[in-house]
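Just one chain follows, in the form predicted on its own, and it is written as structure tokens.
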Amino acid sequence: MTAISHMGEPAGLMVFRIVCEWLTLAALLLVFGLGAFAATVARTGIEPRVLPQRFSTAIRWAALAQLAILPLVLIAAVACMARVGPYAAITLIPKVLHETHFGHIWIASAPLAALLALTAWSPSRLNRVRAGGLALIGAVLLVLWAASGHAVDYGRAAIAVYFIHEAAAGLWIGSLAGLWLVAGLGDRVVESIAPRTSRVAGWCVATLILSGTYAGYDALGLSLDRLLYSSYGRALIWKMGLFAVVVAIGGYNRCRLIPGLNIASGRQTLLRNVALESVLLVAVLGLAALLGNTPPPR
């Protein structure tokens, strides 16, 4: 609430915007991550043609969700800019689309979001090429997403770093969700893919830490006061805390459970932990959406 009040916008409008952006980003990262998982991480563990139906279903519904929520993101953004209700904001949409940076980014994103959904809902079976295409379209959308947030205030390098941050998060989420979705194919599949997923997650964590440190420095500098006493800093602390919990679970999985995948109980515990990691990462995305709508202290 302090962040919302600081921004001078009605609390309900800001919550609406944060929720819309959270759900859109989560759906987009899931499509990107699952597409990258099918095209790369799982390429030697299983053949794409035998991916379970629920894998394709997850991609399809996530792609449809990001397209369906995108207009709500626009309405919420316009409402917050103009400090009017959602219905009044609809009449202002043409002006925002043509006269604001956010509007230009949204115009570029909308057809790509539609293409992502159409590609995901193609009647052909999901294969490595189509999965890679989904990941590529998702990556372009993530670049546009990065260019619409705080990073644009700090130049192209910041936008690139923010995109890398998003891509690492998406690949991490997609790999975890992908492992859980293909687990039904048998124990040998889990034993083959889980170590690879763990290595990918490790690189993603390292990338997130480095890129997150850069973004945090851009926003807060080296000021401890800004970190502890600003709305942005406190939201960042919550995000880092939850992120640390997810990393701890992943570290336990890697050090204790991956070596024991030949034991049924170890595989079951690993899959439960993977599901928990995925849920907590979605919660981290919610805090990321909050950060994206909280002005950094100047």
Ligand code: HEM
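Residue numbers here begin at 1 and follow the sequence given. Everything quoted here is computed from the prediction, not taken from an experiment.
The same protein also exists as the form predicted in complex with this ligand; that form is not shown, yet it is the one meant from here on.
For the candidate spot formed by W61, R128 and W180, no residue has a non-hydrogen atom within 4.5 angstroms of this ligand in the predicted complex.
Checking 62 to 70, 261 to 269, 234 to 242, 30 to 38 against this ligand in the predicted complex, the stretch whose residues place heavy atoms within 4.5 Å of it is 234 to 242. In the predicted complex, this ligand sits beyond 4.5 Å of every heavy atom of T91. Taking the partner from elsewhere, C20 is found to have every heavy atom lying beyond 4.5 Å of this ligand in the predicted complex.
With a 4.5 Å cutoff on heavy atoms, W145 counts as touching this ligand in the predicted complex. Using a 4.5 angstroms threshold between heavy atoms, A110 stays clear of this ligand in the predicted complex. The contact with this ligand in the predicted complex, taken as any heavy atom within 4.5 Å, belongs to L208 out of L208, I75, V140, A82.
In the predicted complex, L208, I209, G212, T213, A215, G216, Y232 are the residues of 205 to 232 with at least one heavy atom within 4.5 Å of this ligand, listed from first to last.
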